[in-house]
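Read the single chain below, which is given as structure tokens and is the form predicted alone.
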Amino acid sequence: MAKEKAIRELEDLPGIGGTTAEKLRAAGLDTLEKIAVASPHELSEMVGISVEAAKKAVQAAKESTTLEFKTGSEILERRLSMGKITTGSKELNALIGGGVEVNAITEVYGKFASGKTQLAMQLTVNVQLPRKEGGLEGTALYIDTEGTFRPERIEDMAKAKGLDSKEVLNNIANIRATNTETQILSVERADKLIQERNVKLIVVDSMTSLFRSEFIGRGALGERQQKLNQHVHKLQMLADKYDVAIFITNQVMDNPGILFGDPTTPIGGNVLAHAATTRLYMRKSKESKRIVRLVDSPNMPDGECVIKITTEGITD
């Protein structure tokens, strides 16, 4: 009796050829795990195969996928060896647990000129530092949605760290996104770039500005949140798959429902609130000082620190 072929790719599933597999990938069903939890009827309609063929494909996908469990001790050991990018400020590093960590989404929100982009650009320099100096010896992907990326600023920051500014700039892949389609595609197609250029940091500055300007009014809110949710979910998948740090900046609005205290509220609602592993709120203080508040973290207590934005970059 012939030995059954091991199922590793979509094409290996019974009744699924190369053309059908491409249709599945185009529809977002690009892994065996996604096929395993799909409805056979939906699968049938989606790619034009019989319900019976779809049932066989789903069953084969279920049988070929396994769930991998890890103990708490194994997860702790992995977390202790995980890379983190220094922010340039010892106070801020301490506040967030040692730096901006890989496999996670770090979000910073704040009003105009609060220093969000300055911190984002500083991280694109710091990620290139040796590990013993708080870097990951990798490159950065910078998705600029507001036209605020400044190579001259990167040069200042690089020189302050004793790095070759030209080399540092060459290690930052910049995409100027002028609509949500370009922003989303930049992330969807990032896999190849990450592998080819050893990308260890993805910056989206800002995450919400284009969504905010394109999806206007309550009628568009549902579609906006759905697209934003898929977009941020893809970022998390890249973080997990390639051990990459994700750093996103976010715009804010004043919440009229808050009568006492600071009414500043980040855009994106619960979608971003749940997606971000670490949330920071930045606000201006006197002169070059900025106050950074840790709003949410799974392992660090809430707190605040003061940083300075100087010609040389982010410092204490």
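What you see is a predicted model; the values in this text were computed from it and never measured. Quick note: we count residues from 1 along the sequence shown, nothing fancier.
What comes next is about the form predicted in complex with a small molecule, which does not appear here.
Honest question, do Q118, Q251 and T311 all end up within 4.5 Å of the small molecule in the model of the complex by heavy atom distance?
Yes.
The small molecule: the contacting residue among L185, I216, A94, A113 in the model of the complex [heavy atom, 4.5 Å]
That would be A113.
Give me the residue from E137, E146, D191, E155 that has a heavy atom within 4.5 Å of the small molecule in the model of the complex.
By the 4.5 Å criterion, the partner-contacting residue is E146.
Please identify, from 146 to 154, 224 to 232, 127 to 135, 192 to 200, the stretch that has a heavy atom within 4.5 Å of the small molecule in the model of the complex.
Heavy-atom contact with the partner occurs in 146 to 154.
R290, heavy atom within 4.5 angstroms of the small molecule in the model of the complex:
Yes - in the model of the complex, heavy atoms of R290 and the small molecule come within 4.5 Å of each other.
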